[in-house]
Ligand code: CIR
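To begin, one chain is listed below as structure tokens, in the form predicted alone.
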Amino acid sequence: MRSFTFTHAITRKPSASIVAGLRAVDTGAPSLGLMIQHHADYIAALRSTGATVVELEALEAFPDSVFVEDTALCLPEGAVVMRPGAPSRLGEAAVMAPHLQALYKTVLHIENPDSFIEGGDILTTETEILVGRSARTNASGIAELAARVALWDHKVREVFTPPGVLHFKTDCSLLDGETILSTERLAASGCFDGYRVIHVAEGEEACANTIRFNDLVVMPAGFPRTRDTLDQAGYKVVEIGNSECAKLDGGMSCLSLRFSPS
């Protein structure tokens, strides 16, 4: 399945400047030491599947740069470099581009200065690319992305992120070719009609952002009811500490770009 089978991932080490990272609600400064430990566990989980994981050096000039997913959309045919909607993050995409060019024959860019789009708003399934409009992703960005990926015969469907939710994938993730893990509030919009939906447990909405990476479902630790639901559904679950990234609205998908370049 192209939507969750990967040969490569790109990650970036957390920087000391992470304490100045963006956050919707201030719940305290993240611990750099603990974040580095969690990040190492995350990389180990990805590597355990046999994938090649590229770990880039920290970027002190960009406090949020550990969240590499927002910088690009990686598809088998090529990559598209994003234009993040947070002004402080615009430079991150340009820094990521050379690393993608080293692995892909084709790297395209979102270029319109009126377009904003972040990878956290993009969910790629076997049949379509869902893009959630949010505070970080606008209609122009979605339209420009649709034009880029149409060159590879991919279809984009615009959906809407619930009010007060940072990114579309804050509230959902792909579990397999037919199944989405979602919060009740997002699934209620009807955006996943036609898919099988597994809801996160009530009160555990913060674990909706997981990743399916080859044979693993990598989810944040501390959400036992949802973990048990996934176990019972037959998924191989690995739990990774996410307490520090969560202080910056970050989750499992945010920490990597996952792809199989053709």
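No experiment lies behind these values; they were computed from the predicted model shown. Note that residue numbering follows the sequence shown and begins at 1.
Form predicted in complex with the named molecule: not shown, discussed below.
S.K.: With the cut-off set at 4.5 Å between non-hydrogen atoms, does residue 10 touch the named molecule in the model of the complex?
M.R.: The answer is no: residue 10 has no heavy atom within 4.5 Å of the named molecule.
S.K.: Wondering, does residue 22 line up within 4.5 Å of the named molecule in the model of the complex on heavy atoms?
M.R.: Yes.
S.K.: Using 4.5 Å between non-hydrogen atoms, is residue 240 touching the named molecule in the model of the complex?
M.R.: Outside the cut-off, so no.
S.K.: Looking in the model of the complex, any heavy atom of residue 166 within 4.5 Å of the named molecule?
M.R.: Within the cut-off, so yes.
S.K.: Answer yes or no: in the model of the complex, does the named molecule come within 4.5 Å of a heavy atom in every one of 80, 144 and 149?
M.R.: Heavy-atom distance to the named molecule in the model of the complex: none of the three under 4.5 Å.
S.K.: Taking 4.5 angstroms as the heavy atom distance cut-off, pick the stretch from 199-207, 62-70, 223-231, 33-41 that is near the named molecule in the model of the complex.
M.R.: It is the stretch 62-70.
S.K.: Counting only heavy atoms, which residues in 119-144 are within 4.5 Å of the named molecule in the model of the complex?
M.R.: Counting only heavy atoms within 4.5 Å of the named molecule in the model of the complex, the contacting residues of 119-144 are 120, 136.
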